[in-house]
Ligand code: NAD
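Take a look at this single chain, the form predicted alone, given in structure tokens.
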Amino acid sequence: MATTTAETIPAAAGWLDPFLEMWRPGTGEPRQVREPATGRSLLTVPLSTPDDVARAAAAAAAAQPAWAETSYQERARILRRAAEIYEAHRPEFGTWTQRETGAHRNKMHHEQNFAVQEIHAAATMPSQPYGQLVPSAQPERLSMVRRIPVGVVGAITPWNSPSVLGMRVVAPALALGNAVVLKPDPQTPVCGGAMFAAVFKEAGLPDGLLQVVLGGAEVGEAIVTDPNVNVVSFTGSTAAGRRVGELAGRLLKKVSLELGGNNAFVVLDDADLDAAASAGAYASFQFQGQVCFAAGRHIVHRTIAGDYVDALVEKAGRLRLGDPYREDVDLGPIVNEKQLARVDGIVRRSIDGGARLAVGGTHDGLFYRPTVLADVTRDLPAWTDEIFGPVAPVVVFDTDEEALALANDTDYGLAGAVYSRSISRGLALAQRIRAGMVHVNDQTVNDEAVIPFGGMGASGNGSRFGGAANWNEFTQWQWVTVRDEPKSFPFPY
């Protein structure tokens, strides 16, 4: 049973407490959930087992047909009610988000806003057209195609933006008549899991349609391979995504993979330097760089590279580190020791390989200081690897064609940005960057509930979340024909 104590319950807690006291996402070993900023225990919750996954998926499959037949008005009403409940309890949900993930309050508020937008966008989907008439070579036959639910969607989500990355699957999948088995990261069981279950239960979602399980790779693989799970949506690292894709492929299951990124931030010689440095610092440092579409490679024209590095250094030096829940700070902690060691290792190896440490490169516990690396070359890990930390590697170029080659010098293809005072020049370059999302005179960390979000190459398998793309992910085509009079066939010939 999930347990909290008077000492560790967040100050804004209240509505979720009774739910958490009764919540049993699994029958496995208890896991203590700790606050990255302080190391304090927030709660203890039992993990799920593969048997728990099987029971959850079976219950979801049993509940889904009736939900698919539920009127579009009722499905939309429940989604709208879920948005109202989420809004009513945002302070409490925000507290859990900050304490479980180490998010700064601005990032937390953004995540809350976006989660509500996802629900509102999903609530419009049940009333949208879901098919069309199509021509037939037999004029006496009415021929149509329609979108029908896929059945049960398995959703595996990460710790870094659990409210958004969970809601962008759960809300549209439910809106379109599916059931969902959700596995949040075990580091964020409340803001990534229990919160969803509580909100939709209160909104009137019928029992069985949203199942939350909790665990690591073993539980994730159980979701992917369960016969009752029809579609798998995975957001996480490229390495884990390859494993998910491999398992799903063997079973001929549709899988949606939104993976890592090593995103290019290109600054041309005619850019507004102050604006570019401001955007570059935000894109690399906000939420400690722990977002898949953070700016991972700053590609800057040689004539302004020195001034650009100086501007990044100045901005990094003004950022305050500390507990984002209790202090007025700009950056919080790296999520855990393993991730901290990975970030620091990339920085150390890059410096040993010839990069110049312009600022940062040190840490106090899990608090890693924003870091700028100059003189980076293409053979260094700061260039080749997704860092997932507050690090801005800078490499220089001389021509636009060289900038393009550098931007595309990666297996990833999630996001990119180009800064230039010439819109036509910036757009011409942006349109040749191999990435799912590219922005001119803006930074890389952009998303909206109504746009198809996703990447190319090692950043995903071409799947998308948001807007019309949700129909592609969570429904499938069915062809239906009707004859007014039954037709007989001259057979045998």
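Note that this is a predicted model, so its numbers are computed, not measured. So that there is no doubt, residue numbering starts at 1 and follows the sequence shown.
There is another form of the same protein, the form predicted together with nicotinamide-adenine-dinucleotide; it is not shown, and what comes next is about it.
Trainee: At 4.5 Å by heavy atoms, is each residue in 160, 243 and 259 next to nicotinamide-adenine-dinucleotide in the predicted bound form?
Mentor: The answer is yes; 160, 243 and 259 each reach nicotinamide-adenine-dinucleotide.
Trainee: Given that nicotinamide-adenine-dinucleotide is not shown alongside this chain, does residue 237 nevertheless sit within 4.5 Å of it in the predicted bound form, heavy atom to heavy atom?
Mentor: Judged by the heavy-atom cut-off of 4.5 Å, residue 237 is in contact with nicotinamide-adenine-dinucleotide in the predicted bound form.
Trainee: So, in the predicted bound form, is residue 200 in contact with nicotinamide-adenine-dinucleotide at a 4.5 angstroms heavy atom limit?
Mentor: The answer is no: residue 200 has no heavy atom within 4.5 Å of nicotinamide-adenine-dinucleotide.
Trainee: Would you please decide whether residue 419 lies within 4.5 angstroms of nicotinamide-adenine-dinucleotide in the predicted bound form, comparing each non-hydrogen atom pair?
Mentor: Judged by the heavy-atom cut-off of 4.5 Å, residue 419 is well away from nicotinamide-adenine-dinucleotide in the predicted bound form.
Trainee: Give a yes/no on whether residue 168 approaches nicotinamide-adenine-dinucleotide to within 4.5 Å in the predicted bound form, heavy atoms considered.
Mentor: Because a heavy atom of residue 168 falls inside 4.5 Å of nicotinamide-adenine-dinucleotide in the predicted bound form, the answer is yes.
Trainee: Only one of 266-274, 136-144, 228-236, 311-319 has heavy atoms within 4.5 Å of nicotinamide-adenine-dinucleotide in the predicted bound form; I'd like to know which.
Mentor: Among the candidates, contact is made by 228-236.
Trainee: Given that nicotinamide-adenine-dinucleotide is left out here, which of 153, 292, 122, 300 has a heavy atom within 4.5 Å of it in the predicted bound form?
Mentor: Comparing distances to nicotinamide-adenine-dinucleotide in the predicted bound form, the residue within 4.5 Å is 292.
Trainee: Please pick, from 341, 423, 217, 405, the one residue with any non-hydrogen atom lying within 4.5 angstroms of nicotinamide-adenine-dinucleotide in the predicted bound form.
Mentor: Residue within 4.5 Å of the partner: 217.
Trainee: Between 364-395 and nicotinamide-adenine-dinucleotide in the predicted bound form, list the residues on our side with a heavy atom within 4.5 Å.
Mentor: Heavy-atom contacts to nicotinamide-adenine-dinucleotide in the predicted bound form: 386, 388.
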